[in-house]
Structures are given as structure tokens and as C-alpha cells.
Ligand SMILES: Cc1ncc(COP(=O)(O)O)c(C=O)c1O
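In the block that follows, a single chain appears as C-alpha cells, in the form predicted alone.
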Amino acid sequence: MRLQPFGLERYFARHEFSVRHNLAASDVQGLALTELLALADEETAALWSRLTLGYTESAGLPLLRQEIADLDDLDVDDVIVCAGAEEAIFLTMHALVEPGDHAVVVWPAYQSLHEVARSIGAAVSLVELRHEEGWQLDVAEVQSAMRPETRVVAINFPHNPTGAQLPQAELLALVALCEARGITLLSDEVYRFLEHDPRDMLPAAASLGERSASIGVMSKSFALAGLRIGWIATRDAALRERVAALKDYTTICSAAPSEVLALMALRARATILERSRTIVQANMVKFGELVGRHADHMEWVPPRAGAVAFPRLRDAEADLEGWIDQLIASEGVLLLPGTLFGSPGPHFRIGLGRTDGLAALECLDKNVRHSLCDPMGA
């Protein structure tokens, strides 16, 4: 197994903690520990106060697994807790594919959704979402990409980096298509519950089919990236057994404090999700106004869900990375170039989930006025 360098994560390692404003972030501003503890119910407060720091159950704290299962009418045994979504993707891909197999992945995508399968020796076909089509998925393209040796179709909705959402009819069509062919539908759902219109929320893919698997995490919508708690949920018992066996070679089990805090947050999810939506909505409105003011220089498809969007500069020949480097130097504001998703053209990811977003967008607006609208400084 040889994994290619993870371009996005290396970029963040270089810049994330040295800039004043991280407008590239994909998560919602993290809750303070005191804020979360104030939301604890009686049971989780007691669990926290008497917590001992020993090993935990490999599959995860049963109360936490039950809370995750209850989100979607799944059984507690359908859930395995992981170290964030990254471990869930890594383990599930290793459980599903072998050298010579084939994977279909909706793209642009978080690199591990396609790179892990490639590193194992599987062929990967990318099904592209396009700006000109509103970032909408064509299920017929997924079907045409399938082969006899296809073992997994990986999707990510709400989508990173575009903020697109899949209509429920298309999700059901994908589930049926994969079930009929004995293929696992691997659904990365880390932005679930952060739909901008509540009517757009989809059921977890794991609740719709016997061969579907859903990946969730506390990092994005729940604003708790520092817990490093995610999960894989599936009714496929054989897949769960393979994932559990592989987990013995990675984290073995999760951190005891993180599991209790994740349980605490899920039980207080109405409050936490309302906070997340409020932050994202304010930043989305502000960025929409910015795009409107500078419509000669940039455009976007407004996101339908999640905490990110994927605008682009109108000048197809623009030096996007040079502009972003200049933005970092002049304003201390970080954006994420679309090249880190392998995306052609001058797209960039902007994060809408940080509490300093309004101040950061003012700095971005200033830079656009001077660097794009008036590059000669006239």
C-alpha cells in the first residue's frame, strides 16, 4: 500500500494555525468545553464526573452508539465508533476493496474517498459534478461508470467542497442501483443536519438498504472536531465484522472523554445545530453580498447544505494560487485552492462556519477590491 501525499491536509498543516482568519475551514467553530458541559443532561453529567481513563469498548460506548442509531432508526449493533470520519473511510474502503476491484467516486471529493481505494490497488472512476450544472449528480453517469468488478460507490452529500445536496429520489435510485448489483453504497454524510432548508435533509443511506453504509462525524455540523469522534453505520453485518477486525490495527478504541462528550452533544443536538446554522447562515448571506458586489470577477452556486461553498474567479486564466498567497500575506486570510481537490479552473473553497467569518469576509472584500477589481492599485 502506497498512499499519495494528502494535498489538502498538508496545505492546512502549513497554513491553518498561522493565519488570522481561516476562511478555508470546513467545520463549524468549535464549542468551548464549558459550553458543552453546560448542556449535559443528568446522566451524561454523571458519566463525566465519574469518568475513569481506561480502555473503552472497541465498537464504542454503547450509550453513544445507541444515540447515533436513534438518529435514523438503526440498531445499536449497526454502529461502530471511529476516530473521526477519516478512520471510518480508511477502514471501510479496506474492508470493501482488494487489488483488481473497482470503485466509483463522486468528484470533486475529499481525497481519501478515492485515494485509499487506489492505494489498495483498486481502479477508481470519478463521476464529476460540474459548476455549470449547479453541482448536481447525474445518477445515469454513476450507472455507466459501474463495472462487473465494482465493489463500492462513494458519494458525499451534503457535498464538500460545493455545498450541493442530492434530491431524495436520486438517493433512493442510487440505493436501489447498488443493491441490485451487490455493490456497497458508501455515503459520506458529515454535513448532515446542516441543510439550509430543513426540507432538504436526507435519511441516512444506511437506513435505506442492506448494503448501504453511512459515515458521520462530530466535527462538522456538531462543531466538535477536537473530539475526533466519527462513525460508520451499516446493516451489513459482514462489513461491520471486517471493519471491526481492521480497527484492531488502527485506534483499537476511542478516547473515553471524547465518547462521553459526544454523547452529551448528541443529546443536546437541537441547541448545538441551531448555533451552527446561525453561524453559517450569517456568513453565507455576507459572502453572497460580496459575490454580488464583485460579480465581474467571481461567481458561485450558493450551497444548499453544509458549511462550505466552491466559488470561482471568472477569469479562467487567473493565477488563483498566486492570489491566495497574496491574500494570506496582505490580510492574513486563508482560502483553499480547488487544485487541492484536483479541480480544474480557478475554483476555491470558502468555509462559512467560523465565528470570525464576518471580519474575515471584510478583509476578503478589501483584498478583492484592490487585487482583482483594481490590480494596478489605481
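Residue numbers here begin at 1 and follow the sequence given. Everything quoted here is computed from the prediction, not taken from an experiment.
The protein also exists as the form predicted together with this ligand; that form is not presented, and the subsequent description refers to it.
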* **Contacting member of F90, Y110, F287, W300, with respect to this ligand in the predicted complex [4.5 Å, heavy atom]** => Y110
* To do: Report the residue, out of S221, N156, S254, T234, that has at least one non-hydrogen atom within 4.5 angstroms of this ligand in the predicted complex.
  => N156
* Is R192 close enough to this ligand in the predicted complex to count, meaning some heavy atom within 4.5 Å? -> no
* Contact label in the predicted complex: R228 to this ligand, heavy atom within 4.5 Å -> yes
* Hey, in the predicted complex, does S276 get a heavy atom within 4.5 angstroms of this ligand? -> no
* E86: heavy atom within 4.5 Å of this ligand in the predicted complex? -> yes
* Structure fact -> In contact with this ligand in the predicted complex (heavy atoms, 4.5 Å), from 127-135, 184-192, 290-298, 67-75, is stretch 184-192
* Can you name the residues of 278-303 that have a heavy atom within 4.5 Å of this ligand in the predicted complex? -> none
